[in-house]
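What follows is one chain in structure tokens, specifically the form predicted alone.
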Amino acid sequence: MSVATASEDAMATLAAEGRAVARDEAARLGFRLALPAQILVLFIAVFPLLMQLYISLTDWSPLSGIGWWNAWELWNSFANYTDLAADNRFWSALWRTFVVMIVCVPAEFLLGLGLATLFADDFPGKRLFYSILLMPMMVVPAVAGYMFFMLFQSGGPMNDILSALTGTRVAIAWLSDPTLALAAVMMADIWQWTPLMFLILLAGLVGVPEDQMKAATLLGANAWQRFTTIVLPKMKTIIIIALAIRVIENFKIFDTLYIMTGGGPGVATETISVYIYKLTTQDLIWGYVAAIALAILLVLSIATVFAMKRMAAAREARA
């Protein structure tokens, strides 16, 4: 090996080592610059969770006469969680929440998917209808609740429409009947959040490869076969995301429901969010509320993990 070649190799080695050192230094600098933000985010996320866990193990409330940092003086171990397991009102509220979710989410999905299928093709006035269709989603939930509160009054437009259709005077007390009040709440939720489901599903629908659809058509596949063998498999991840978003949000339904019924009549429309609100603002038993909130967080976390696993499985199957 010549002296020139050895010198070039040494210079190349030194250059590589210099680049490695520069990369390491850049990585360390990036870490140091991002560290304050990471600590802040960790504090924002972890501190409230730890504080809530701490309060859930006590009988502390704002009326206790001591600060929350001294809540250990009212320590009760896991009494709040055992009370939660025996709380019939809690389980009833949780069941009503599941009923609303089981009815509203599939209805919103089917309506949204049907509308997305219609809007996947061009037609006259598409932009106008598109804007009109998205309007309910833009309404503040409390305003939507007030709108449907007025709509379902005994002398409101809903009964007037039914009177015109039947030819007889209809004066149904929608919001005073336990079953009908919950149905009215679900109709309000479906009206407001079907556009969100439609928007997400439409985004997935327009992403389906057009060449595969044309090839399936040339091979003799009908619309239903194309939909089940091409469209649905390609949209599986989008569908799981849309369902997960609406399941979690529907589980937390509050604004519209509280404006319409306040959880009544009695507790007939009291969902878990309304129950927690009443315990927090009326009964002021914050230790018990913290235990309920942690239990709900656990349930929603499990649902999220399940959805993420299904998304990963769908992605692997598609790959």
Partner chain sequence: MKRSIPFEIFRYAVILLALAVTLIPILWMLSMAFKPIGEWSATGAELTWWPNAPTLSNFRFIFGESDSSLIVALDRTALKPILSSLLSATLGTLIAMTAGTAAAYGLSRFGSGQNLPLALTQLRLFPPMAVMIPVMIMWAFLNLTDTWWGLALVYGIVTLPFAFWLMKTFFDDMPRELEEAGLVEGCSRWRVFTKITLPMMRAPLASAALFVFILNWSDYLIALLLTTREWVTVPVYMASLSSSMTGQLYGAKAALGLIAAVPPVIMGIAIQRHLVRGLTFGALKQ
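These figures come from a predicted structure and were not determined experimentally. Positions refer to the first chain, counted from 1. Basically, rigid core = biggest C-alpha set you can superpose within 1.5 Å across the two forms.
Keep in mind that the form predicted in complex with its partner chain is not shown, yet the notes after this line are about it.
Checklist entry - Of the residues Leu133, Ile102, Leu74, Ala221, which one places a heavy atom within 4.5 Å of its partner chain in the predicted complex? => result Only one listed residue qualifies here, and that residue is Leu133.
Checklist entry - Which of these residues, Tyr146, Phe98, Tyr81, Trp91, gets a heavy atom within 4.5 Å of its partner chain in the predicted complex? => result In short, Tyr146.
Checklist entry - Is there a heavy atom of Pro157 no more than 4.5 Å from a heavy atom of its partner chain in the predicted complex? => result Pro157: yes, in contact with its partner chain in the predicted complex.
Checklist entry - Does Ala34 reach its partner chain in the predicted complex if we count a contact as any heavy atom within 4.5 Å? => result Result yes; Ala34 sits at the interface with its partner chain in the predicted complex.
Next on the checklist: Quick check on Ser273: any heavy atom within 4.5 Å of its partner chain in the predicted complex?
Outcome noted: Taking the distances in the predicted complex, the answer for Ser273 is yes, it comes within 4.5 Å of its partner chain.
Checklist entry - Does its partner chain come within 4.5 Å of any heavy atom of Pro106 in the predicted complex? => result No.
Item to check | Contacts with its partner chain in the predicted complex - residues in 119-152 whose heavy atoms fall within 4.5 Å | outcome: Heavy-atom contacts to its partner chain in the predicted complex: Phe119, Asp121, Asp122, Phe123, Pro124, Phe129, Tyr130, Ser131, Ile132, Leu133, Leu134, Met135, Pro136, Met137, Met138, Val139, Val140, Pro141, Ala142, Val143, Tyr146, Met147, Phe148, Phe149, Met150, Leu151.
Item to check | Gly266: Cα shift of 2 Å or greater between the shown form and the other one (core-aligned) | outcome: No.
Next on the checklist: My question is whether Pro62 is one of the residues whose C-alpha shifts by 2 Å or more between the shown form and the other one, given a fit on the rigid core.
Outcome noted: Moves: no, less than 2 Å.
Next on the checklist: Please determine whether the C-alpha atom of Gln38 is displaced by 2 Å or more between the shown form and the other one following superposition on the rigid core.
Outcome noted: Yes; that C-alpha moves by at least 2 Å between the shown form and the other one.
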